[in-house]
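Encoded as structure tokens, the following chain is the form predicted alone, with no partner shown.
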Amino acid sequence: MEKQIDARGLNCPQPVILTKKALDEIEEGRVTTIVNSETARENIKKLAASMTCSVDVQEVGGEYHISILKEKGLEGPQFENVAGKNGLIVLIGSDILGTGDKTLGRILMNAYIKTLVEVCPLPETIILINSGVNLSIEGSEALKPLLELEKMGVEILSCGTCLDYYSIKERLAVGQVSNMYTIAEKLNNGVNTIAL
């Protein structure tokens, strides 16, 4: 089976996500992804390596044609992407990711949350505090992937004090309003916590 993905001009992580979906849909065969970014090329090569697939890259007129061969029985470890009691907690304390330009920080945070839907394992709980609660309200770019994560079994908690501080509690559109006792309990009992 052969599939071709045109990921030219797509922002990270879309080329990787589209390539992974195509590879997941076939038991064996070839997927060729076309990108026009060195970063996308390298990320897709890493994906292929993580899935124990062979990869060949051809540069054609400033574009990269990445041919990935998936052989039956040679895939890397497979995980079911369903949230469970794995103790992975993601604490999000801002509606931007990283320091520096705020516009870029918002783009990165939205990309991170969208990518969480695609990666394994899913977090057990996502806790939103301070300006991070802006991600869980009506009109947020992160709302759709957060709703999808919730459907997949991820618990979404937004700090009630924070929602009140920003006067947005009535706009909460995903998850539950939480309190500092519950948040502290979740963090103390988490096996692995990622704080952003």
Partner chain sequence: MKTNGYYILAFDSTHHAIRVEEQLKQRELGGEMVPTPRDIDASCGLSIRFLERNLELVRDLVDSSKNRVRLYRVDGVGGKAVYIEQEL
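Take the two forms, find the largest set of C-alpha atoms that superpose within 1.5 Å, and that set is the rigid core. The shown structure was predicted, so the numbers you read here are calculated from the model rather than taken from an experiment. Residue numbers count along the first chain shown, from 1.
Below, we refer to the form predicted in complex with its partner chain, which is not included among the displayed structures.
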- Message: its partner chain is absent from this chain, but in the predicted complex, do 107, 119 and 141 each have a non-hydrogen atom within 4.5 Å of it?
- Response: yes
- Task: Please check if residue 111 has a heavy atom lying within 4.5 Å of any heavy atom of its partner chain in the predicted complex.
- Result: yes
- Message: Residue-level question: is residue 11 within 4.5 Å of its partner chain in the predicted complex, judged on heavy atoms?
- Response: yes
- Query: Is residue 86 close enough to touch its partner chain in the predicted complex, meaning at least one heavy atom pair within 4.5 Å?
  - Reply: no
- Query: Has the Cα of residue 137 moved 2 Å or more between the shown form and the other one, judged after a core fit?
  - Reply: no
- Message: Superposing on the rigid core, is the Cα displacement of residue 161 between the shown form and the other one 2 Å or more?
- Response: no
- Item | Relative Cα spacing, residue 12 and residue 108, in the predicted complex - shift of 3 Å or more | farther
- Query: Closer or farther: how do the Cα atoms of residue 117 and residue 12 compare in the predicted complex relative to this form, given a change of at least 3 Å?
  - Reply: closer
